[in-house]
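Next up is one chain by itself, shown in structure tokens, the form predicted on its own.
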Amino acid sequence: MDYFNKMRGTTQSPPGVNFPEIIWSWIGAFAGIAAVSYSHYTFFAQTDMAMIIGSFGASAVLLYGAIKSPLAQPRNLMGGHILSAIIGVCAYKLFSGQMWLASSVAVATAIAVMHATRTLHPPGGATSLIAVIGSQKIHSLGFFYVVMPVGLGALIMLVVALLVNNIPEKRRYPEFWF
């Protein structure tokens, strides 16, 4: 019975967020995703290159909506995405004949490595999974996937986070770099 009692939770829901915080989160997310997707659709749409991946949506939630979270800090953003991308590409190359195995190995290993390197960034799990289950366009990038879209896209979102999150007097980003 204790096992099931743990599922009830121990705390209440977090408090609501004030309206200015909501607006600044929206502005940051809009600007960050706009910068990455504009680059994609302007410079790479007609090529085999990609600049935007789904996990950047989750990164936007952290970078612009939860800026004090340790998971949203530059070390976690860059390290989490880049390490997870490397792991995802390796998992695909090693186990592409068994996609269920490649997917499982990619995400589980990405989480373990992010923990071990203190770079835990939940969207990194999605980044590793995208390397495995992504389109032929993603697979054809091979390890270049780590550089672009992952590294460059995360860097663009980081620059936007630095610029936007420090405009309001009551917001400060980052909490730490390393």
Partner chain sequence: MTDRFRHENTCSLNPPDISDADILDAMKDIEGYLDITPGDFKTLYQSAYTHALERLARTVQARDVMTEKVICVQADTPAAEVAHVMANHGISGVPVVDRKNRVVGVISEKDFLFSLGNQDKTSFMEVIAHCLSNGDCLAISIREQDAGHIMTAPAITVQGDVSVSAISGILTENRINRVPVIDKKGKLLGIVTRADIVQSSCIPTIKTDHHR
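If you're wondering where the values come from, they're calculated on a predicted model, not measured in any experiment. Numbering follows the first chain given and starts at 1.
Just so it is clear, the following notes concern the form predicted together with its partner chain, a form of the same protein that is not shown.
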Please tell me which of Ser69, Ser37, Thr109, Thr117 lies within 4.5 Å of its partner chain in the predicted complex, judged by heavy atoms. Ser69
Its partner chain in the predicted complex: contacting segment from 37 to 45, 146 to 154, 109 to 117, 58 to 66, heavy atom within 4.5 Å: 58 to 66
So, in the predicted complex, is Ile23 in contact with its partner chain at a 4.5 angstroms heavy atom limit? no
Would Val17 count as touching its partner chain in the predicted complex under a 4.5 Å heavy atom rule? yes
Taking its partner chain as it sits in the predicted complex, which residues of 159 to 178 have a non-hydrogen atom within 4.5 Å of it? Please list them. Lys170
